[in-house]
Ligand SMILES: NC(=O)c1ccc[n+]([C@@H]2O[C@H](COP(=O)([O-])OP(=O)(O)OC[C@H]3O[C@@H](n4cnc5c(N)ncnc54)[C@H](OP(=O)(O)O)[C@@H]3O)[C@@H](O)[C@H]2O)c1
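Presented below, as structure tokens, is a lone chain in the form predicted on its own.
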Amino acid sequence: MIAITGASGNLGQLTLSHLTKKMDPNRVVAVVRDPKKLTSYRDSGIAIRQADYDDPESLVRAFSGVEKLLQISASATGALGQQHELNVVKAAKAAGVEKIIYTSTLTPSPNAVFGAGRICSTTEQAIKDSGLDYTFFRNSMYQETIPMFIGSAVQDGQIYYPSGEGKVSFAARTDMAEALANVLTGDGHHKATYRITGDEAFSFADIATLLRSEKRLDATHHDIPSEAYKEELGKTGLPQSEIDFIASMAASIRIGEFSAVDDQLENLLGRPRFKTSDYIRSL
């Protein structure tokens, strides 16, 4: 059996959709905190099991009979997010899971500027130390996050983001989901690490250029100071931990933690990747 944590999220549901086209849905387990979020899958044959990252025993129960586990990185940040991910690894080991496919970030490191990069580094090591087989998807950022970065630029063309000349190799979430389904249902990929990127990296000045060419906007990127960015985030009422996490993303882009480009996603798909220019055109 194959199980997916965070199955009700965007990547989780897309992966479920691809999986059910490639294998018997009765061999798929969706692990979620709130089963109501997967009501559309109620009659699909997929087993929907409830578990909570804060309750390790519930994770062990949810992973019963599972051979391969897709561990989608936790949405929580900081120490809580790290504990959630480690709880999943320990529960997988305790439940007899044979292999973990883990969605990491493009540049995991104990010294990563991006907060999630430090979490992913620790989780990757924990998976290696568990003795389980594994495949790591070191994902760049989703194309679908571009609107979050550029704000109202699709209307007025003005991008205010403290990324300097740093570039991002944006990849489509649906491409990532299909590649994950291919690995989950395929053979091999033992102790493999894949860099999952688009076919080109773009600075936010480049994104402005795409807005000019694809949307006919008078677009410009304004590299605002990081402190001013944090101040604006603070006005939204976000907790300081969330502000720091979001700001770390911008700082990581500035220094190139998401700039690498690799062909491995295309190899896993067996077809060309969706292009960022096409995504911009669709906005």
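Residue indices: 1-based, along the sequence shown. Remember, predicted model here, so these are calculated numbers, not experimental data.
Form predicted in complex with the named molecule: not shown, discussed below.
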query = Quick one: in the model of the complex, does every one of 25, 28 and 100 get a heavy atom within 4.5 Å of the named molecule?
reply = no
For the named molecule in the model of the complex, the stretch among 215 to 223, 48 to 56, 231 to 239, 61 to 69 with residues bearing a heavy atom within 4.5 Å is 48 to 56
Picking from 93, 195, 173, 118, the single residue whose non-hydrogen atoms come within 4.5 angstroms of the named molecule in the model of the complex is 173
The listed residue (127, 74, 153, 181) that reaches within 4.5 Å of the named molecule in the model of the complex by any heavy atom is 74
Q) Is the gap between residue 141 and the named molecule in the model of the complex 4.5 Å or less for some heavy atom pair? A) yes
> Would residue 84 show up as a contact with the named molecule in the model of the complex if we use heavy atoms at 4.5 Å?
Replying inline: yes
Query raised in the report: Looking in the model of the complex, any heavy atom of residue 37 within 4.5 Å of the named molecule?
Result: yes
Applying a 4.5 Å heavy atom distance criterion, does residue 145 contact the named molecule in the model of the complex? yes
In sequence order, the residues of 7 to 23 that place a heavy atom within 4.5 Å of the named molecule in the model of the complex are 7, 8, 9, 10, 11, 12
